[in-house]
Every structure is written in C-alpha cells, then in structure tokens.
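In structure tokens, one chain follows: the form predicted on its own.
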C-alpha cells in the first residue's frame, strides 16, 4: 500500500473482528513505528500491551468517569472536556449519564490494547510556564502513537486514540504498574476492522493553512477532490 493511500485511509476504528493480532505482527508494527521523532531523540516512550481480560475490564471501569463526562457534555452541546470553556453541568448530572458503549467496548473487543506512555523527565515542555494547558510534551510521544496506527493500517489492522482513561490516570498507572515520572498519552485498542476503510473527508488546505500570519491569505489547495 502506498504512503499516500495509508495517510488518506487511516480512520478511527472502533469495531473489530475476532481475528487475532499475533505478537509477531504487533512487533512488526512497532518495529516500524519506533522510528517516530521525539524531543532530542530521547525516545522516552513506553508501550504496555494489554491482552488479559480481567485487566481490560478494570480498564473499562477506569475509562468510565471520563467517558461519562464526555457524553454528558456532548448531550447538552458543550465541547467535552474543553479546557477553555468550563462545563455548566453539575457533578450529579454527569454521574447520572450512562457511559456510551462505543467509548468502552473497543477495549473489550480489540485484539490487543496498547497503553502509550512517556517519561516526563525525557521531554522538553517549553510551554510549562504558560497560563494554559500544556501540549508541547506530546510532541515526544504522539508521533509514535500515530505511526502505530499508520503501520497497523498498512497491515490491515486499525485502531484509534482513546484518552478517557487518563482522567483517572493514578488508577490506570496503579493497574499497569506504570511508575513516576511517566504519564499516559493514550490508549489504543487495535485489531482487524469490521468495515473496510475508505478515503476520509477533511477540510481543504485553504481552510487549514494561511500565509505569513494567522489571518493571512489561504494557502492554495494541491488537491481539492476531498
């Protein structure tokens, strides 16, 4: 499969067949993915591969509170977990909201669940003193996580980033024995997709990139088909 096709068809996959993901295939995926860049090439990422059913059920429980809030805010048309606009919902309203199955079932049905972590002592978080949520440290781990999905797609597998469990990170770290100063970046259920993946639809380049300034003229589209 050509790179352009992989990039255009690596969708968020949440429904999986019963096909296994053998250790040797997963190792091939990670063998390719490990060449992702990281700050200073410190390579501070670690991946915990979870297959055990009891561990997965506990992971579902840990995911529940974050997923519940996500669903509650979405139901009232708020931006779920938005760091700029606080929620108007009470704790009681959030607690009364059912957890949507699609946010937890992939943890149960995937062939394997990958918990991607990063050593915070190996990152250069240049935005740590700013008065906003920090994102720069993610540059040392999310390229690896995305490479996993790209390499999986090339081999006929799929998955998606999930982050709901990170709202309960202390419990997640205790479950998997993740030490400090590691942080969890995402949880990736991975398996063989039920549905075939087609080309994705995204905003055109002219709505994505501007010249010279944020309010500058748009960069022209190289491909306006989709």
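Keep in mind it's a predicted model, so treat the numbers as computed, not measured. Residue numbers count along the first chain shown, from 1.
The same protein has a further form, the form predicted in complex with a small molecule, not shown here; the description that follows concerns it.
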Exercise. Could you tell me which of 169-177, 154-162, 29-37, 44-52 sits within 4.5 Å of the small molecule in the predicted complex, going by non-hydrogen atoms?
Key: 154-162
Quiz item: 25, 117 and 190: each with a heavy atom within 4.5 Å of the small molecule in the predicted complex?
Solution: no
Quiz item: Among 103, 71, 150, 139, which has any heavy atom within 4.5 Å of the small molecule in the predicted complex?
Solution: 103
Quiz item: Hey, in the predicted complex, does residue 11 get a heavy atom within 4.5 angstroms of the small molecule?
Solution: yes
Quiz prompt | 4.5 Å heavy atom contact, residue 194 to the small molecule in the predicted complex | solution = no
